[in-house]
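Two forms of the same protein chain are encoded below as structure tokens; each is given separately, as structure 1 and structure 2.
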Structure 1
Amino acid sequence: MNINITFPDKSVKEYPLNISPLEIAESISSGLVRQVITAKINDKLVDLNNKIMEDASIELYKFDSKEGQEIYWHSTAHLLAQAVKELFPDIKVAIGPAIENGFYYDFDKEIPFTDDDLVKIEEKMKELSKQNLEYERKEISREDAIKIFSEIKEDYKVELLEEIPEGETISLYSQENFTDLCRGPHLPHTGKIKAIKLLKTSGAYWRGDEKNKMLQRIYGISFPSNKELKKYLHDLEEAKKRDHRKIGKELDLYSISDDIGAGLVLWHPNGGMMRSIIEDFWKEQHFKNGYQIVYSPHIGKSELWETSGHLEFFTENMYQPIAVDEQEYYLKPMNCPFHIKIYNSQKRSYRELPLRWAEMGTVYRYEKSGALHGLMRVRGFTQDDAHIICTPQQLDEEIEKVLIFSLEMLKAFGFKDFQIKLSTMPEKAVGKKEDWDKATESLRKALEKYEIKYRLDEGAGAFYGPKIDIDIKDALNRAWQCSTIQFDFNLPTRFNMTYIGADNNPHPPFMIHRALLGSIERFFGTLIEYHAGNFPLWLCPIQVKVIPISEHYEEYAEKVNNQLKENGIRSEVDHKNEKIGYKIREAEIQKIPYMFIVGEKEKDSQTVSVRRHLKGDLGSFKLDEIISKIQEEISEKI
């Protein structure tokens, strides 16, 4: 008996009943067999040896896919756990998922792993991978699974199993003498794991809860070839050099103090200057694009957050209430309800729309301490929020405008390569289907009108509306989340937003949340890492350092400095009693774009000797000439 298999290109081929995805790959090419990781049968990911019992659609995934990488790295996590158990038999295993870049596994070990331990574990993993151990799937009852893991004293697995409803079928995966609780799928055998590197260890609370026991976590990465691993490790070293926490300290941009609180940022003068420049540019561009600026308080009464639904769905991310005059107030986690209250403060006519309201609004969200990361994940941050409130007839034009505005803003900061995603209606959603369809179509049409390449993410929209996400990609091909254009069918309904239409009747408006830079803190961290601290000239807190060769030329240096400032260029004189070589090296370390060296020759000729960061000596210039050149560079934002 034969079955029909439908491929992604809609072609159909006939195969014998009980054929596996691996056998289908063999029928296509031997090269595909070497590369294939997993298969999707009728929209479900399965092991490559899974038997196909009926007509089905199939999609085969290699390592270069998101699905392939996740299964490859999760399979390597199982290999890690097997190696640890062989070397340290008394250790208990917890969980070991694939993550964005690689995998980790948590172990109950009283003494942390050492660097020597990692070397031994990595060698054991390589040894086991060469044995081509098969990942064998077995389905058993919940009760039998509990019995198995209880007998081998794997308490964490038992705890997980006890939370699964009775009667559920459980899947286990084994390679040789190691068995793990897992949904799968996995690689067919360990031999597919060619290149492995264990990266680091850290402490991690069981289930991320500080009340639970501290476990020992091992992070790792793996690839199908040593070439890919070598490139990844090279990029990892480059990423360390670009780490915004390291550069932020070196350039004296910001700090986070334990005395003030984790996740709360102190902006130093250099960082404060850059933030001021960013915010001034942001405000100027918003005025040009027809926005009005609004401001809202940092706290609001509990009734506001009850109406918005935050107290019902977002409480775990909110700070505890503040009691004032027998009322409860909350630090705001979002700006949206305040903007809606401004809208609802009076009746609105269709003639007033669209309204475009923007705010640099500081919000506060509780993040677990383990999730905090420099500027990228903080507890107090400023969002460049805006809300566009419009009629259905204005929708397409408004989406086009905000999409182009978003890309132009990001390009002004030197970003060039974008990764764009359109997320559509999930299974559970609020609002009318026809509104979702209209909103999604507006987003799609705007992207296609301007021939913007995007990826469709079906069903991945928020429950309250479809959205476009714009991520930037850096020199290391990392994606950084920035702009979001998000419809909301939830809050307008909750707050009963309406406008009076041409028919004299009330109608619900469309409301679009929009953040161009996102969180200013995270955007600043992204900016640091993207440029590795070598910022575009217009953003630099100090654009020119005037360096006198000795104290005899400080008067001329001050004259040069004053002329620079009069022409709107941020500059300062280096008055330190150090040799000229030292001063130049220090300016290079501080990544100051221009250095003007002045001595006897420059004073006599009323010139400056110019050096450019990372480029070296540019020669001698008349002051007016180099000032014009710098002003042009600033105005062009290069």
Structure 2
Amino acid sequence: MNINITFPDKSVKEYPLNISPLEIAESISSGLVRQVITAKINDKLVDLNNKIMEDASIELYKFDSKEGQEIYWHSTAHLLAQAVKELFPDIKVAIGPAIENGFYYDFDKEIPFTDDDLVKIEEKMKELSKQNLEYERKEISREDAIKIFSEIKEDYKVELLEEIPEGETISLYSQENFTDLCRGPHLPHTGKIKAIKLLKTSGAYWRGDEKNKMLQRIYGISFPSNKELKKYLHDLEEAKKRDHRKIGKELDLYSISDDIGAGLVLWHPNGGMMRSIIEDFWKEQHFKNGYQIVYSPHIGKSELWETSGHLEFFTENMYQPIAVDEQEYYLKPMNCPFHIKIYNSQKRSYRELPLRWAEMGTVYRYEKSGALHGLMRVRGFTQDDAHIICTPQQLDEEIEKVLIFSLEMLKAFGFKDFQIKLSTMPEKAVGKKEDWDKATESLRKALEKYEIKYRLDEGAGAFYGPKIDIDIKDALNRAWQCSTIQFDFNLPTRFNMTYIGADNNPHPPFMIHRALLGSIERFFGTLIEYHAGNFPLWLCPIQVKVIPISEHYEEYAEKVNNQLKENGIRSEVDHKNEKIGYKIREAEIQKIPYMFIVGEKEKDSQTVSVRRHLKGDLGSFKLDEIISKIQEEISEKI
């Protein structure tokens, strides 16, 4: 008896009943047999030896697909666990999934793994992979599975099994004498795993809960060829060169000093210049978008933070109070209470709304030491904060406006690649359900109206309201939340905010917190990594370095420099008594976009020889000509 197999291109071929995806691959090409990792039969991923018992659609996946990689890495995780169990029979295994880049496996081991252990484990994995051990699937009852894992004292597996709902298929995968609870599918055998690298170890809580035991995690990656592994490791090294902490030091942008305190940032003149440009642009854009600027102090009395609820809910993130005149003052962890106080300073009419109040507000939060990270996670930072206070009728329009504003802002700085998520009501929340629904709906509508791709994060909203967050990834692919648009159903009530409606009655307004860049510090960190320090011209602290060939041309160099300055271009003359090659090298390392080389020729013809960072010599230009070219580049923000 035969069955019909439909391929992704809609072509249909006839095969004998009980044929496997691997056999189908064999019928196509030997190259495919070598490369195929998994198959989707009727939209379900299966092992390659899975028998097909009816007419079906098929899709074969190689390592170049997301599906293929996931299965490949997941199988490598099993191989890792097998190797670890062989070397350390007493440890217990927990879980080991594939992740975005590679895989990990968590183990319960009293003494953490050492670097030497890692080397040994990797060797063992390679040894096991050469043995072409088959990944065998077996479906069994829950009782039997619990029995099996209880006998071998794999408590974590038993715990997982006990939580699998009744009636669900339970499958085990074994290679040789190692058996793991797993949904699968897997590679046909370990021999498919050619190149393996264990990357790092770390502690990780069982089931991601701080209250649980800390397990030992091993991260790794694998590829079908050594060449791909090498490339991956090379790319990783390259990515590390874009680290804002490294570039921040090299370009003298900022520093963080132990003597001042962890997570407290010093902005050096170069970084300060960039920050000032960013802030000027920010302010200009806010005025254009109907915002008003407010300012508020860095500290406030304890009563304020009691009213706001921060002392109750946020206290472990706040610095200790300062006692003055029998009063306690706290450094502000947020700006909102101050903006609300401005609002409450007079009776508000619906005719005034919406109000959009923005502030570059510097806040202090006591972040846990382990959370600190360069500019990305600090203890003192300046939020580009704003609060929008409006009526329910104005909600949709305000959300749309702020969403578009925020995307335009990121685009102005060159960001094209970011992830947007919509977070909805968590289990513990304040405020009326109907307000939550209205607000969430408003956020969702705005995203959909502009066809913005987003991920729905159910239950991940703040306790006080739903939100849209925009994450930007750093050089090592770690996501950092920058923009955020959050509703607040907590503070307006706590501070009893109202406006007088057309009906002459007081009504509670809607309040939206939003930060477009997030914080200047974090945003600057992502900006550095995104551009690898090769900033768009308009942001560069020094745009042109005028480099005289020798001391004889310093006068002409100064003349050029002055003309650049008069035209609003940030320039400097290199007065060092060095050869031209040295000075160019230095300017290149400093990533200065334009170098004007001036010597005899240039002086005589009143020109400059232009070199562009990373591009090289552009030839000779009349000064006016290159100045207008640069001005154009600056105004276009490219």
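FYI, numbering is relative to structure 1, first residue = 1. Computed from a predicted structure; not experimentally measured. Rigid core: the largest C-alpha set superposing within 1.5 Å between the two forms.
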Pick one: which is the form predicted in complex with the RNA?
2
Does L623 move its CA by 2 angstroms or more between structure 1 and structure 2 when the core is aligned?
no
Using the core for the fit, does the CA position of V265 change by 2 Å or more between structure 1 and structure 2?
no
Angle through which the smaller rigid unit swings between structure 1 and structure 2, given in whole degrees
31
Angstrom shift of the Cα atom of D115 between structure 1 and structure 2 (superposition on rigid core):
4.8
